[in-house]
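Presented below, as structure tokens, is a lone chain in the form predicted on its own.
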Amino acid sequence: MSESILNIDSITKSFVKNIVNVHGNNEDERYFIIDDLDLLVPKGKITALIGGNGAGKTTLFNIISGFVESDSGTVLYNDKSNSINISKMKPEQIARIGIGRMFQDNHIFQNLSVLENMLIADSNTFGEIPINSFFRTKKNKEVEENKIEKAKEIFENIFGNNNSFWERKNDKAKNLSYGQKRLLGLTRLLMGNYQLLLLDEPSAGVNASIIPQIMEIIKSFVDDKDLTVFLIEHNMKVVLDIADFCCFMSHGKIAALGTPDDVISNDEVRKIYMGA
């Protein structure tokens, strides 16, 4: 495995639930969402995280991106020159140092235009209060023009010249289809100065005809932009087609790790996750 961009060491996250025990008395019981989890995410590769509902996948992503604090353990982010402990950092700080995230619901601003959605994602403002950043930036005409040109180049690079996204740049994002919103959510990650992208189920809920395009965009992040992708994905065809590595999460731990073929053919994975 190549050099790691993330070193996840002994991460634990739990919650306490009040229950009535067999004696009829109230007592607190601790449940572990993530239980002493270790994982290295290789740099310059696509790593898929799979597992059943409730396995702790999204909680792990929330810890990495600063939206949830772990009970114990550390997450180290290895950028081009430093190793940074991000365990206690806020989401906006984590975004600034080079980690971008696309959530399952896209986080598209429905009443802003396609272009405005691109502009507010620029320069690591994603994860803060991006709409405020946008209106501050808008006062500076030269900066705004540069960002518009950057957005146009990104659209052309991914979708070609005379693409529908640029043609519809002034349309409200709410008028896009769900699949188009997903494509926009992926594309605008390139407006940020990121090295690591966390993608939460990029193919979920989209029309099957859009999935090949989603896969091509994700592969281009690594092959053309030299980025690293760590993604949660339930579509096994997507995992097999684009992932370099795959890890299977079960009961808050990494239960299997290797190539997608190796992990998906693992007896435990097939029994627990795929029902085979």
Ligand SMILES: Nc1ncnc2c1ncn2[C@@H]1O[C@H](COP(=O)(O)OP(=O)(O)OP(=O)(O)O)[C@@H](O)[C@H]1O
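Predicted, not measured: the structure shown is a model, and the values here were computed from it. In this text, residue numbers run from 1 along the sequence as written.
Here the subject shifts to the form predicted together with the named molecule, a form of this protein not shown in this document.
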message: Using a 4.5 angstroms cut-off on non-hydrogen atoms, would residue 207 count as touching the named molecule in the predicted complex?
response: no
message: Although the partner isn't part of this model, could you tell me whether residue 234 comes within 4.5 Å of the named molecule in the predicted complex, counting any heavy atom of the residue?
response: yes
message: Against the named molecule in the predicted complex, would residue 116 count as a contact residue? Criterion: heavy atoms within 4.5 Å.
response: no
query: If you check in the predicted complex, is residue 44 within 4.5 Å of the named molecule, heavy atoms only?
result: no
message: Using a 4.5 Å heavy atom cut-off, which of 47-55, 223-231, 209-217, 240-248 contacts the named molecule in the predicted complex?
response: 47-55
query: From the list 74, 157, 104, 175, which entry has a heavy atom within 4.5 Å of the named molecule in the predicted complex?
result: 104
field: Within 4.5 Å of the named molecule in the predicted complex: residues from 252-267 (heavy atom criterion)
entry: none
